[in-house]
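A single chain, nothing else alongside it, follows as structure tokens in the form predicted alone.
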Amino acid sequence: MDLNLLERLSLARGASGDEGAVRSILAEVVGPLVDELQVDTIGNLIAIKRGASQSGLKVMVAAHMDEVGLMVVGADNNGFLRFRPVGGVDARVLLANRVLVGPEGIPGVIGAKPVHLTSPKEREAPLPVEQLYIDIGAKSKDEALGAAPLGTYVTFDTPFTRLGAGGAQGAAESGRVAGKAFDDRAGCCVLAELLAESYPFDLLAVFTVQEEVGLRGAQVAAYALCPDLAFALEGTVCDDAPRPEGEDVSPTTRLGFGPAITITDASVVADRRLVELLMDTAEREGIPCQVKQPNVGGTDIGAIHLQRGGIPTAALSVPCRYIHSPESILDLGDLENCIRLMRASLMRLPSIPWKGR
């Protein structure tokens, strides 16, 4: 597993609709590994690796390049930028965070009215986005909008940090890392690693755009490529943090317990044959895995499975704490085991019957 690639992808800035920097890194890395590399009209990076045999099977594996972020929508007379979320960003995690504004990466800080000036009632609830602003040091509205015109993208200014030792047992890498955009730069890293191998079918690797704002890139790519079946690789919700005393709620996923298999979520019921393939392969190979809590979240397969006459789909995810926030944490063992499980499952695909139910 290339930890350097994960770091490069995490540090790259690529909110939905502005994925160019991420796409450039991935094109550089996977270009030498594939037979065809193209960018479609919406911005998806499509890497095609021809099969080692003439099975006729076409398998799409998707991972989205975009991250949640912010966009400038105005400024006030004092030079403070107003913004709105791009994707599902919780306003509770924004205050006092450092950000980078525009293609030049102008540094800024998200601010709000000081706590000393708020009423007790105001302090009872999180501040809505409408009451937050970005301070880039501008002194007037014209100066602020001159530096960051309407529609300018804003991303979190977050370092990539190697944390303490630990991780999943048996993983090639151990320990945990913190950084931004692991949803879904973790999936992009897994997909890039998969392209180092050859498979007994045509592998259509698609690094998609605009997942966080409606699964748009995946919809376009799946319709155009018309695969026989598809997988999505994700960085998914991990909520295994301590809970209030007496509260007994199963976490969506847990860090260090392996990649998570989706049974169903808010956008799809995964194809049972593909789910069973992933589970059976994990057991055969001794790879730890877990089932993602049903009906939570969504992935690119929510759009892929509806294209053409219907496409069998499944999703495999790397658990990440604090996704859709300025900083997330993942376990390198989970990442490595996601690569192992997806690679081994793909190798077994030709033995699975796909006609009928």
Partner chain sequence: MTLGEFLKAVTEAPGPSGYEEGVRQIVRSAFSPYCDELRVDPMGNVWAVRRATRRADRAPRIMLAAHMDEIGFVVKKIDAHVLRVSQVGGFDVRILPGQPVLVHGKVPLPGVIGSRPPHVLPPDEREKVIPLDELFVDVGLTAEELPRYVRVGDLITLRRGYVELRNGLVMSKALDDRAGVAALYSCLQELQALQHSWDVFAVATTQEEVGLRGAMTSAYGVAPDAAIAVDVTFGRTPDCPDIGTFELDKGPCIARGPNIHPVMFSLLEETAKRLEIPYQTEPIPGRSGTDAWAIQVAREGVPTGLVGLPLRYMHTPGEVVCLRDIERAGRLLAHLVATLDERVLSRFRAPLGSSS
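Residue numbers count along the first chain shown, from 1. These numbers come from a predicted model, not from an experiment.
The following text describes the form predicted together with the partner chain, which does not appear among the structures shown.
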Open item on the list: Is it the case that residue 176, even though its partner is missing from this view, gets within 4.5 Å of the partner chain in the predicted bound form, heavy atoms only?
Closed with: no
Task: Partner contact for residue 84 in the predicted bound form: the partner chain, 4.5 angstroms, heavy atom - done: yes
- [ ] With heavy atoms only and a cut-off of 4.5 Å, decide whether residue 236 touches the partner chain in the predicted bound form.
- [x] no
- [ ] Give a yes/no on whether residue 158 approaches the partner chain to within 4.5 Å in the predicted bound form, heavy atoms considered.
- [x] no
TODO: Choose one stretch from 192-200, 91-99, 148-156, 105-113: the one whose residues place a heavy atom within 4.5 angstroms of the partner chain in the predicted bound form.
DONE: 148-156
- [ ] Answer with one of 277, 72, 205, 287: the residue that has a non-hydrogen atom within 4.5 Å of the partner chain in the predicted bound form.
- [x] 72
Open item on the list: Please tell me which of 138, 127, 220, 255 lies within 4.5 Å of the partner chain in the predicted bound form, judged by heavy atoms.
Closed with: 220
Open item on the list: I have 21, 24 and 216 flagged as a candidate spot, so tell me whether each of them has a non-hydrogen atom within 4.5 Å of the partner chain in the predicted bound form.
Closed with: yes
TODO: Sequence order please: the residues of 38-69 with a heavy atom within 4.5 Å of the partner chain in the predicted bound form.
DONE: 39, 40, 41, 42, 45
